[in-house]
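Taken one at a time, structure 1 and structure 2 that follow are two forms of one protein chain, written as structure tokens.
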Structure 1
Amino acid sequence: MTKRMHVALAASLATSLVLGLGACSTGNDSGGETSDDGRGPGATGVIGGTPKKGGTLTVLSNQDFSHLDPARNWVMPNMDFGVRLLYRTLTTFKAAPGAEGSEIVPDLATDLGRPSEGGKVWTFTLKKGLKYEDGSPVKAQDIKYNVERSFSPDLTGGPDYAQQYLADTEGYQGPLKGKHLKSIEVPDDHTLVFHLKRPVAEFSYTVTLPTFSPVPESREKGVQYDLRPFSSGPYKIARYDRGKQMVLVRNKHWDPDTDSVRKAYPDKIVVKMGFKGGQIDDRIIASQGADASAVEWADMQPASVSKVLSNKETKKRLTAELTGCTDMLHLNTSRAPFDDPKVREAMQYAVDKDGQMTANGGPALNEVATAYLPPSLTGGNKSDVLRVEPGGDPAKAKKLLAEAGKPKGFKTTLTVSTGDKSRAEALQESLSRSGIEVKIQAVDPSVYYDTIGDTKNAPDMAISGWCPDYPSGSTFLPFIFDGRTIKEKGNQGNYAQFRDEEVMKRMDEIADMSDPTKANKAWIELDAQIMAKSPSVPLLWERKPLLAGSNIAGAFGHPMWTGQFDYAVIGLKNPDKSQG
């Protein structure tokens, strides 16, 4: 691979994302405070103008973080929080709304990496003056160490690109027993050389992930590291009471001259957890006291949509960026009844996607998904090979079930997070039209992915979304439908436990393509082939509705982190009015 090919890929990927956003966005991408006409569901842009330095930013949440250890941090909003506030990566995404946010810039590295040997070797050089929270220097060895940690069986849940891409990793179990990877060379404190199994054109994007942030070996605490990551970012953890509250204060050794992305406006960030239902929406709508300087972590509840859209002043404080993700109903193909392709095909017709949309805030905040790949990865086009009506087709579903030997339907189980219970009930009702009886199990959001990622005890069905880590089909289909990614514990992405030799062979063929345009076309074709095998039912392409308090400035939904507020640049209009 040449440097030109790498640039061409970046341009292709960015164009794809622009098309995807442009197809659905109705807002103002230019930044600055938007007019009332430009804000509302689908609006982008920045809430509250440019922040002032100082004060306390409050984050109100219904849940704890699943993981903040950078080797384990792979749920999209959590990645935003980790890489923007606590640790830095070799490269990162710009802090900008709209399509500009999909562009990458150097972070710890001096550039976007230098490929050689046809793209199988990538070299990065660290900037000078990088320091941890205790003032000690960030070294290249520390990034290698964290990449190695991502192989540890005990440190589950994190991005597994390193396992997929690095050479000579078979059987590697991480560095905890003193073994290290030869495929990452560290010739000095500032240089990293990655040796890959095959050319990876988008490796500059890959190293935006938390796996490629530094963890010094001297700070290793195994699974306990999750409670107190050692900061290389602008903030450090002062207190963390799991499930209740986290307090971040400034890392005085973070040097803004080495960081073109993070602005670190607030002096302190307080995350308050454990709120129920619409409590958070109501507090931020009222915007009294410290709540005026607060933002919400979890999505605004569907029941609050009418209260916000009918209030001109509150509506200005709403952002609703496209998540870029596809929300799916995964069918456990490892056992009956979903080991039968005919039963899975029936599910495509049995589900009422309109009902899902209604239960999730209505058409202002969702679109019916007709394929696995989101429009941001298909040039803005919405693939629809099965052409099922949005409300489903129970008669067709019953016919297919009869052909599968289940004319009276069957009983099954569905596991969802507590926040999705209303959607689960809508699903339960819609499937009953085809004789499918669903038992619902709702679990706390903080343990949801661990629950459905335990393959031995996995439910029959689970609702989960998948978001591309960067704009490439290679970050989507292989992670949710490649049978080789299935793990007994910490299984992630392939919740359908789908293992199909024909599909896996085609994934390998596409991965070997050096032309990104041909590869993109091939991913779209493969998406249609997998739809025909139906391991999952695509449900929704969602927006992320988030409210900000009246004293918040610099808030916008970042397109690469599922529309979550970008914590690199969020702050306050008047720091003196904040509390805490």
Structure 2
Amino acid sequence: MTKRMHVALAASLATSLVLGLGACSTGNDSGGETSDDGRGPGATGVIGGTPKKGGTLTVLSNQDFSHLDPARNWVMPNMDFGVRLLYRTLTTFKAAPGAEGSEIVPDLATDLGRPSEGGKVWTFTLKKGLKYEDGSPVKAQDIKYNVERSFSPDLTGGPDYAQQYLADTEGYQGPLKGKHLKSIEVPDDHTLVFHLKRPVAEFSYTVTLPTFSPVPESREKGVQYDLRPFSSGPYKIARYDRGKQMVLVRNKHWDPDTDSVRKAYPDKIVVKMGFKGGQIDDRIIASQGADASAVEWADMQPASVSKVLSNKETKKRLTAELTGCTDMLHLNTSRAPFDDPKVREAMQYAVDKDGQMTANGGPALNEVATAYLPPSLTGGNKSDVLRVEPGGDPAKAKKLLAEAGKPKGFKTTLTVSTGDKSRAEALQESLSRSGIEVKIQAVDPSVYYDTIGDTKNAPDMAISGWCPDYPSGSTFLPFIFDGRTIKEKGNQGNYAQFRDEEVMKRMDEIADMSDPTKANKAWIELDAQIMAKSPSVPLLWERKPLLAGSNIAGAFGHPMWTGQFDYAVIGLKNPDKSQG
């Protein structure tokens, strides 16, 4: 592909995917409450204005990071923390709220990559002057090395796009035995050439993932690299006590001239872990001492919503960006009664989604979902092919059930995590209107996904969500509706066990498209086709409610990391007021 074609491709991708995001995240477009000061649930602007340099930012968390090793980091907020503070990737998302935040810009690379051979080969050139925390230069070989590490059986949990896209990787188990991938060429210290199995139009987006950040071979520590990734970003780890606390200090060798995204305002970032969610909310609402310079990591508790919204001052310190994920009720299509498409279609009308919203924190924290693809993947539009009322249509559901030979309804089981019991009860009640009798089985969260992922013993119905890794339908629909992803045990994503030849064939055709605009349109059409076959009922598009302390500035929920604060630009109004 010529350079001109690449520019057209990149521009087209940006226009089709990114501009579309605007409608979903540029303010209170969702029916969420608004307030006279323009903030409140659904508000996505910047909290606290522009930060000043210096001070200590505190992050109060209820949990530890699952992984920070860039080969293993694949939980959305953790990716935000890693790629904004500790390591840089070939390209990255802009640090801006709303639509602009979904645009990609070069990071370690000089541009968004240059495709050739119809998008099967991608070449990236590294910027000059990139350094690690010890002052040594970042080399193209180091990015190749980290991509190779992601194949190691001990370095689990990371994004699998390298495995999916790179050519000639069968049987490859990482670089520790001295074997290297031929599909990544490194002609010199500044050039990387990726050879792919098939054209990947959105590869510029793929390389925003932490897999495509540098790890020097000399720093390899296997699984223990997770405890202290070697920094190529603006901060380095000074201390990390698992489950207790992480302290980041400045990486003096990070050169802001090479980085158009990260502002690195605070001198120090302290992540304190293991607090109860409600207490974190209370501390940040009170904003006393160091808590004034603190932000919360995990979602504000639904119980705190009224406390925050009733106070004008605290309301200004709340953000609630859409997570970009879709919550679904999966129907087990592998056996009766949900092997009958007519019964599944009836379910689309039987469910009361308003009830789900109420049970999950109300309109401040959710919107009713009308399609599998979240608005961030459908040009900002909320696709709604079935046009079902949010409260459901029991009469229509009964009619469809009668056509399916079940005029009196049927009995079925729903397995949920114990935390979702109230949602399950709301579902039970709403389905009973159509004669569907639901037996709820609540299981401990620690075994929930193992329970519903055991295909032989899977329940009739289960609730789970899915989030895209970057704004492309390719990171969404194939993971949840491609029948080839079904596994007997540890099944993940395709909990409906949906295997439809027509859908799978279409997925392959879209994957081969080199024009991202056409591919995007095709994903939206396929979403509608799958909705008609109804393996799952889309329930909610959730928001991520987060509070910031009164001394916090530059904070906003970033649309690409499920609405987590963007750590690239967060800082303090008055650094002298911070403590620690």
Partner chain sequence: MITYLARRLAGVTGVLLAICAITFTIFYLLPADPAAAACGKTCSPERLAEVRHFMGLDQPVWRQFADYLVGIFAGRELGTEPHTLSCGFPCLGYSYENSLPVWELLTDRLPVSASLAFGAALMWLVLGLGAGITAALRKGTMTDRTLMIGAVATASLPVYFTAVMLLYGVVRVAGLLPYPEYVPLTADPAAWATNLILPWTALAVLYAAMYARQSRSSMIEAMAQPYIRTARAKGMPEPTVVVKHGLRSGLTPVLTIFGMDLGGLLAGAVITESIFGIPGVGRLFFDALQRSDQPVILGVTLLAAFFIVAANLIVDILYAFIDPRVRY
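In this text, all values refer to a predicted model and were calculated from it rather than measured experimentally. Rigid core here is just the name for the largest C-alpha set that superposes within 1.5 Å across the two forms. Throughout, residue numbering runs from 1 along the sequence of structure 1.
Asks: When you get a sec, tell me if the form predicted together with the partner chain is 1 or 2.
Replies: Structure 2 is the one predicted together with the partner chain.
Asks: Using a rigid core alignment, state whether the CA of Thr56 is displaced by 2 Å or more between structures 1 and 2.
Replies: No; that C-alpha moves by less than 2 Å between structures 1 and 2.
Asks: Does Lys353 show a Cα shift reaching 2 Å between structures 1 and 2 after rigid-core superposition?
Replies: Moves: yes, 2 Å or greater.
Asks: By the 2 angstroms cut-off, has the C-alpha of Leu431 moved between structures 1 and 2 once the rigid core is superposed?
Replies: Yes; Leu431 is a residue whose C-alpha shifts (by 2 Å or more) between structures 1 and 2 when the cores are overlaid.
Asks: With both forms put on the same core, how far apart in Å are the CA positions of Glu403 between structures 1 and 2?
Replies: With the cores aligned, its C-alpha sits 14.4 Å away.
Asks: After superposing on the rigid core, how many Å does the CA of Gly419 move between structures 1 and 2?
Replies: Its alpha carbon moves by 7.0 Å.
Asks: How many angstrom apart are the two C-alpha positions of Gly379 between structures 1 and 2, if you fit on the rigid core?
Replies: Shift of Gly379 at C-alpha, rigid core superposed: 3.7 Å.
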